[in-house]
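Two versions of one and the same chain are coming, encoded as structure tokens; call them structure 1 and structure 2.
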Structure 1
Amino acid sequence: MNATPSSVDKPKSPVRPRVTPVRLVTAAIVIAVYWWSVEGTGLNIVTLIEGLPNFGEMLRQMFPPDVGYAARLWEPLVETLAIGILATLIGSVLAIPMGFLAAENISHAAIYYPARMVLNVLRGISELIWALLFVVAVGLGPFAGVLALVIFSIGVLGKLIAEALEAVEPGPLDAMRATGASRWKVFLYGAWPQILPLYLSYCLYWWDHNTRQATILGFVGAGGLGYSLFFSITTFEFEKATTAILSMILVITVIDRFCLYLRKKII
């Protein structure tokens, strides 16, 4: 007996997306936002193409790098490394209590919202602006750079710690609360062990970030390799600027490999 093909076996026609008024309006809004962004930023392919010869001429002047200038970069390079290390160490330690206060599942409601607002302020202002403010307050030099990076690190790492705490397994925390443990003990013995590997990973990445940012802060007088790079560019000594850039790339590469080694060992 031959089985008749069921309706299930019949090939279905492809479903065409429906064009609805809501989708048309959404598409129009998206296109308008992109067009407004292009107009507001002056994005122009023709201008980019016309500027390529100037960029090529600058690259020609940047090579070969001034190898003899590398000896003069040793001190600002060490200064940049010191800024990155100190800012990461201080910022990562101070971010722990801020993350505890800004975690909704651990902190008190009366503290949670103010703590979140503080973190928003700390990371809402870029490191460059913090550096400008601290240069005015404490003067030129690496101290202003350390302070700027510490403030920004607390804001970012504090937020990351708070969000990691809010995502932990709630079982151990509820069990500790049932025994009458305080909020701080719930955090220290219930939540902290769960997020410790993630916290260490954040710190290692942020060390890399702070070292790179320490170079940028030198452009506003916060010391380090950035000041030497800024001086070389503004005086059109591009071959010296190339040496400074290559030195920074070398340092970041070494830090990256070292961080990978530490992750394998401790995380």
Structure 2
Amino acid sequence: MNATPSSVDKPKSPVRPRVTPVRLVTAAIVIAVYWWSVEGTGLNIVTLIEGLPNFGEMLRQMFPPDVGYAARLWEPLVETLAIGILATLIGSVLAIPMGFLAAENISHAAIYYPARMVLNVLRGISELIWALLFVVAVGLGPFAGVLALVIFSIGVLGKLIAEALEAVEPGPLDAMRATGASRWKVFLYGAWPQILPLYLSYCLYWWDHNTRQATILGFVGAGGLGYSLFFSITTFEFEKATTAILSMILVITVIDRFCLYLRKKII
């Protein structure tokens, strides 16, 4: 990829020229894009240095953490875990029919494209934006958070399932079709057993992801630990924020390890 066409075409020079017009132009474009981005985002060393004392001040206020606050974090902590588990359970079940409909080799041509489109839209917006919309629609609380994660999970897991189905060995599908089995029976007996281990490992991976997301859903009022976190930071009670951050790290790490353990057991 570092051989420009011009250097390949000229066998005369045994050594490839280090500077070619194409490379110069590419370099210029890259520099221009970065310059533009740095300008556009206001990223400069002066701002950074000016900001450091503020950040240092914040860090100073964060320690020592307010240990007593932990007692009030129990409820949001459990809620966070519950959002992650429930959203993964519902999402992973609903993703199966969507994946079935969106798999080119099993679904019907007329259903395949719309199903893909629906999955793309579900996946096209981040969980947090879904959460924001659901908060507007159904009100504050974990209910909106679960809905948001379910929607996004269907989008991601549905696509993964569809892709796994499309990679399935076609032979058993033919064999099932040849027995006179209908489309969904072909799926259930020919394809599903083939992708089951992959599906379970995707679900575990996604449970891990959903738990991480559940910790920040509260930023938009969709339940869980994020609400306490958001509140303590925006009211400048940083010693409480530290406690909340530490419990968040704890939850994420525990679930991460647990998923790793379960995945090893399945595979």
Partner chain sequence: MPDIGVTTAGRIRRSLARRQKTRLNQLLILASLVVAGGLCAWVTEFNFPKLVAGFPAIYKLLNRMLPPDAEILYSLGKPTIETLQMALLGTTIPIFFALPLALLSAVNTAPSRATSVAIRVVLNALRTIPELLWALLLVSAVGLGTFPGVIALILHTTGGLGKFYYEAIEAVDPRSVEAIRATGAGRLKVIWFGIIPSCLPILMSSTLAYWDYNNRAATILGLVGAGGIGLALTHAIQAFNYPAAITCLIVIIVILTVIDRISAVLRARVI
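Residue indices: 1-based, along structure 1. C-alpha atoms forming the largest set that superposes within 1.5 Å between two forms make up the rigid core. It should be emphasised that the depicted structure is a prediction, and the values quoted were computed from it without experimental measurement.
Form assignment for the chain places structure 1 as the one matching the criterion, namely the form predicted on its own. After superposition on the rigid core, the Cα of Thr234 moves by less than 2 Å between structures 1 and 2. For Glu39, the displacement of the CA atom between structures 1 and 2, after superposition on the rigid core, amounts to 5.1 Å.
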